[in-house]
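The chain below stands alone, shown as structure tokens; this is the form predicted alone.
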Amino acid sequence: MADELTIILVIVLVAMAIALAFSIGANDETLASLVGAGVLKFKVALILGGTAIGVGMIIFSSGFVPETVGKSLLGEGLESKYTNYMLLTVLISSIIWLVIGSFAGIPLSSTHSLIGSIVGVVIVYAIFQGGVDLNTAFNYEKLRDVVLSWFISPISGLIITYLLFKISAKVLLSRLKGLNQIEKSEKTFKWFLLIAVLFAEIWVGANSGEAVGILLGLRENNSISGGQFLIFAIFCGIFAFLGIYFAARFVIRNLASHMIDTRPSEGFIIQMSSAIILMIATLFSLPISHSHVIVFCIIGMSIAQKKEVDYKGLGKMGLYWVLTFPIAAILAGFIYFGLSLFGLK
């Protein structure tokens, strides 16, 4: 009976991880600027963008961000004790908090939620299960770097966008004379925008390590083999593609309708800035929020163009971003404590 329950739990975790990959694609809005600029037909844009995010997720599945989520955050005192019930709690906690945020209309980060949930579960395990010292339960250096990256990455996106716009305005845009030259330049930037968006999508997939990280955790505790991990990681990439193609189309179309007046050159700068931040974070194995970065890139563009910025709305959004980590940790802690009372630990 115990063996059957273990098999069922592994199947549930794999299914939830793949479903999470679908939701990552479903919540991605990167293609909005490309669709709004009318560079490609809508379905072609969805196919190319979905392929890019899937490829990024698969190529970087065996290390980098997934390894941080599934292994590297844990210290020497807990690496061998990370159970499937812990993984289940992390997923349940993250999903609950994200669903609450969605119904409340609050933009939340799945990355912050997942990392917070991991921290909450580990703390409860160390306190109530015994045999684990909190001083060795975490890789505190890695945890510090991850949390710092959540603050550094959005600010970096703002600064890079600001500088890129100022440089392009001085080097290129200021030299254009008349509407004909401006329109010709913007037509050229449409194709640069296509490259930038696809480049960004690859790194969105590479940095979205939540789903594959759960699978890597299962591989680390020998619940699945290395070959099975690879197969399931490919499924995650496929379902991320399906998430964009079947679900994200509604968000993309809606956002694109509000971005028709956005110049392709502006979209190119914003997308390249976010892609650079995502690439650097991924190569340093740091899971960050793409949504947070892109929001600050847009703010950087507004400041560079001396447009009004909604600082009140930004402050409210920032408060929710900060609260996500501790709330997810507390929620996960309570859930895991409840499971442990029934011997599911």
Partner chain sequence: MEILEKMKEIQDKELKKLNIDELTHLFMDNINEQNIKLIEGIEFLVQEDFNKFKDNMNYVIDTNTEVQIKKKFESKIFKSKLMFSKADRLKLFNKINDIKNIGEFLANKMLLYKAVFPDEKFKQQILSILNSLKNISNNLSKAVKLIGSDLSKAHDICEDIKDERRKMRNDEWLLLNRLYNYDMDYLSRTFIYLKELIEGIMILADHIKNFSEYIQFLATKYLIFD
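A quick note: this is a predicted structure, and the numbers were derived from the prediction, not measured. Positions refer to the first chain, counted from 1.
One more form of this protein exists, namely the form predicted together with the partner chain; it is left out here, but the text below deals with it.
Residues within 4.5 angstroms of the partner chain in the model of the complex, judged by any non-hydrogen atom, belong to 172-180 and to none of the other stretches in 238-246, 218-226, 172-180, 202-210. For residue 263, a non-hydrogen atom is located within 4.5 Å of the partner chain in the model of the complex, even though that partner is not displayed.
The closest heavy atom approach of residue 190 to the partner chain in the model of the complex falls within 4.5 Å.
A residue is said to contact a partner when one of its heavy atoms sits within 4.5 Å of a partner heavy atom; residue 37 meets this definition for the partner chain in the model of the complex. The partner chain in the model of the complex is approached by residue 165, whose closest heavy atom lies within 4.5 angstroms of it.
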